[in-house]
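Here we start with a single chain on its own, the form predicted alone, put down as C-alpha cells.
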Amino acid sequence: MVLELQKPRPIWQIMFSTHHTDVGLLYLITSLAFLFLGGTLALAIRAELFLPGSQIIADSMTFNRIFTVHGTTLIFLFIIPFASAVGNYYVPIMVRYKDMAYPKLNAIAFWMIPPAGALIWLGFADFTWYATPPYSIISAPGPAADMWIFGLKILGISSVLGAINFIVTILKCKHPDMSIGQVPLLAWSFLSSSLIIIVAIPTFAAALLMLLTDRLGVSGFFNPAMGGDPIAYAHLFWFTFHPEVYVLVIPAIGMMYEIIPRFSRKPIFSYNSGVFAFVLLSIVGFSSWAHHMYATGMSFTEKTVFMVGTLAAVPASAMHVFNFIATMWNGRIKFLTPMMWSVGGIALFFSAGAGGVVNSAMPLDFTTHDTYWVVGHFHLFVMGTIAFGSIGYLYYMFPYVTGRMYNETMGKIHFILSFIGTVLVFFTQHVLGLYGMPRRIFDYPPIPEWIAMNQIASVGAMIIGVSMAIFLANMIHSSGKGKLADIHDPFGLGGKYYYPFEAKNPSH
C-alpha cells in the first residue's frame, strides 16, 4: 500500500499525477468537501421545517434551490466520487496490477468533477434533482437550469470514463494467475456497478439533451404545449436512476465485505453468494424502474410486472445481509470504529429494504406516494446504508492512506451520534408520511402531529451535524498528529482473514 501523507509532497505533484492512489486521494478530498457542503444545506432545510412558517429561509423559491443542490451534491458529488476514491485505491491492488488500465483517462475523469460541481453550485437550480418537466422546460429560470444540465452531462461522462477504466482493469489487467472467481468482492462490486453505469447512463444523457433542446424551444419532447409528454421523461429518468440506486449501494456493500470478515477474524461465509447477489442486483435493477410511476396511469398489468421486478431485488439484498450475519456468527469480533459503522449500516440497510417493499407493492405505494414516507425511505437508504458503509471504510483506510491512526474514541462517538440522529430523522419521516405530510414543501399547516415530528427530525439532523463536526476534527487532527500506525496490522487484528486468495502485489 502506498502511503500518501507520511512523506509530504508538493500538492502539484499529487494534482497532476496519474497514479491511481494520487487520483484516489483527489477523489477522496473532493467528495468529502462536497459531503460537508451538501450536509450544511440539509441542516438549513431541517432548521426551516422545525416550525410552520418562514424560519431562516426567505421564500419557497430559495428553499427549492437549496434542496435541489443538496440532493444533487450528495448523490453526484459525494457518494459516486467517494466510491471512485476507494476503487482507485484498492482495485488495482486487489487485481495485482501496477495502476488503472488507462491512467490518463482516469485523471481526466476526476478533473471533470470540479467544473461540474462549480456549474451546479454557481447556478443553484430550483427544479429538484429530478429536473421535473414541464416546469424545468417552461418556467425554471436560466441560466441556473442550463448550468445544472451541463453539470450533470459532465458528471455522466466522468462516470462512464471511470466505469470503462474499472471494467478493463478488472477483466483485462488482473494478474494472469488470478481467475475472475478469485477477485475480491470489493472489486466485484466495482465491476457490477460499472457495468450498470455503462448501460444506464446513456439513456439519461439523451434525456438531458432532449430537455435542453426543449428549453431552447427547438423541440417539444416533454412539453405538452408542443405535443410532448412529460411522462416520457419520467421513463427515461427512472430507467437510469433506479439502476443508479444500485450503482450507489453496491460499492458500499463491497466495502462492508472488506471490513466485516477482517474485524470478525473469519473468512467471508460465502464468496460465491456474494458474487451471485451482485450480478443479480445488476440485472433486476433494470426491471423495476416504473415502480416509481404507479400513479401516472399505467395499466394494472404493467404495474404488476414492475412490482414483481422490484420484489426480485429482495432475495439478492437478503443474501448480502445473511452473508454478513453468518460471517460474524461465532467470529472473534473486534468492535472498532469501522466495524461499528458497518454493523450499523447493515441494520439500517435492512430497515430501508423493509420500507422499499412497501413502496414496491401497489396498494401501499398509492398510500405513501409523494409523502414524507418516500423522503424517509430514500434517505434511510443513502444515509443509513451507503454513507454508513462509506464512512466506515474511510476509517478503515485512514491508517493506510495517512500512516497514522485516527482517534478511536472520537470515531465511536461519531458513530453513536450519527446512528441516533439517523434513526430520529428518517424513521420519523416515515411516520410523518403516514400522517399525510407531502414532500418538497417549504411550509406546512400547524397540525400538532406534523409539528412534533418535524421537530424530532430536525433535532436528529442537528445531532448528525454535531457528529460530523467531530468527524472533521478527528480527520484533520489525526492526519497530522495522530499516533503512527503499524501498516501491516493497524487495528491489531492479527492474521490474514479477509482476502480469500491473497497474494502480495510487488508493485505496491
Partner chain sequence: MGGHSNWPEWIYVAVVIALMTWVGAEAWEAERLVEHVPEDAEVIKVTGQQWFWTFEHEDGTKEIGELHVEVGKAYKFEVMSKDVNHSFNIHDYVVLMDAIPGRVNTVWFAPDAPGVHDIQCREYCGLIHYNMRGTLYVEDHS
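Model, not experiment: these values are computed from the prediction. Residue numbers count along the first chain shown, from 1.
This protein has a second form, the form predicted together with the partner chain, left out of what is shown; the following refers to that one.
Please state whether all three residues 128, 295 and 450 have a non-hydrogen atom within 4.5 angstroms of the partner chain in the predicted bound form.
Every listed residue reaches the partner chain in the predicted bound form, so yes.
Taking heavy atoms and a 4.5 Å cut-off, does residue 182 contact the partner chain in the predicted bound form?
Taking the distances in the predicted bound form, the answer for residue 182 is no, it never comes within 4.5 Å of the partner chain.
Taking 4.5 angstroms as the cut-off for heavy atoms, does residue 40 touch the partner chain in the predicted bound form?
Outside the cut-off, so no.
Would residue 67 count as touching the partner chain in the predicted bound form under a 4.5 Å heavy atom rule?
Contact with the partner chain, yes.
Within a 4.5 Å heavy atom cut-off, is residue 314 in contact with the partner chain in the predicted bound form?
Yes, residue 314 lies within 4.5 Å of the partner chain in the predicted bound form.
Among the candidate residues 251, 384, 117, 433, which is the single one with a non-hydrogen atom no more than 4.5 Å from the partner chain in the predicted bound form?
Result of the distance check: 433.
Contact residue in the predicted bound form, chosen from 304, 330, 213, 409 - any heavy atom within 4.5 Å of the partner chain
Exactly one listed residue reaches within 4.5 Å, namely 304.
Quick check for you: of 188 to 196, 70 to 78, 411 to 419, 265 to 273, which stretch puts a non-hydrogen atom within 4.5 Å of the partner chain in the predicted bound form?
Going by heavy atoms within 4.5 Å, the stretch is 265 to 273.
For the stretch 434 to 466, return the residues whose heavy atoms include at least one within 4.5 Å of the partner chain in the predicted bound form, in the order they occur.
Residues within 4.5 Å: 434, 435, 436, 438, 439, 440, 441, 442, 443, 445, 447, 450.
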